[in-house]
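In structure tokens, the next block holds one chain alone, the form predicted on its own.
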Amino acid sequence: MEKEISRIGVFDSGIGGLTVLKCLLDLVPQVDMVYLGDTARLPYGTKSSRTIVRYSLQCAGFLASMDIDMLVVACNTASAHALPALQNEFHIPVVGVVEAGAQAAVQAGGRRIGVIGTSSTIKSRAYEETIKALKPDASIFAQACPLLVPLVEEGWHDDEITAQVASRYLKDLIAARIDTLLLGCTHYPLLKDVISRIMGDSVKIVDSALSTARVVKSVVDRRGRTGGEGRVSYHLTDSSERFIELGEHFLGREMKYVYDVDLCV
């Protein structure tokens, strides 16, 4: 018999994973959440695959020590490079954002699908391969957007500079006449309004954070939930008032339990 879910661990390189956590709090109440932001070592998107796997195993190992029943890899870069290693190492359900986002893009009816993400995620071709496996006749157009993550981390969600940078990245996707745009980084939902204005009403925007939360909900619904109280704790490898300020603004709730953790081994 499959074990019921009482505590879910979620990790990301920084604040972007809070987009997944927010959706989880809405869709999976009464389950405890442990969030880990590896803020001392962000961004993951510029690191080598070997380093990303090592960091991801360290993050997951810390969360496993907190007696989690399920692991959510709320980082597209980590999902693209480290998911098989994580699934092999930890014998609990492990959900990554790449497959969930790809499925959502296909289910949205996309035929000319644009994917934006960090340089490492785009270079991995993980989204392209996953989408092609689900919909072989889909046309995929990928674009790395390395400057968007630091702009989000800076809190410039709806700034003129952010709009100019995003417009420059997205111009080739507009020229390719895509019908669906997959936000292949969990930071990007924080820029959803800016991106939607640039792309126009004819392009469907697919949020991998919400898609991932829906997959998690399906697992929890199948296994059942027990013992959780909906308590959330936050663990940061480099905590800052700015992170907490941005996090509380986006989550719409106080971040009550914030702890420092050292993963640098």
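Throughout, we count residues from 1 along the sequence that is shown. Note that this is a predicted model, so its numbers are computed, not measured.
Not on display, but discussed next: the form predicted together with D-glutamic acid (DGL).
K.L.:
Taking the partner as it appears in the predicted bound form, which of 75 to 83, 106 to 114, 157 to 165, 173 to 181 has residues with heavy atoms within 4.5 Å of D-glutamic acid (DGL)?
P.N.:
It is 75 to 83 that comes within 4.5 Å of the partner.
K.L.:
Evaluate Ile68 for contact with D-glutamic acid (DGL) in the predicted bound form, applying a 4.5 angstroms cut-off between non-hydrogen atoms, and reply yes or no.
P.N.:
No - in the predicted bound form, heavy atoms of Ile68 and D-glutamic acid (DGL) never come within 4.5 Å of each other.
K.L.:
Is there any non-hydrogen atom of Val149 lying within 4.5 Å of D-glutamic acid (DGL) in the predicted bound form?
P.N.:
Close contact exists here: in the predicted bound form, Val149 approaches D-glutamic acid (DGL) to within 4.5 Å, heavy atoms only.
K.L.:
Using a 4.5 angstroms cut-off on non-hydrogen atoms, would Val216 count as touching D-glutamic acid (DGL) in the predicted bound form?
P.N.:
Flag for Val216 set to no.
K.L.:
Would Leu42 show up as a contact with D-glutamic acid (DGL) in the predicted bound form if we use heavy atoms at 4.5 Å?
P.N.:
Leu42: contacts D-glutamic acid (DGL) in the predicted bound form.
K.L.:
Do any residues of 108 to 125 have a non-hydrogen atom within 4.5 angstroms of D-glutamic acid (DGL) in the predicted bound form? If so, which ones, in sequence order?
P.N.:
Result: Thr118, Thr121.
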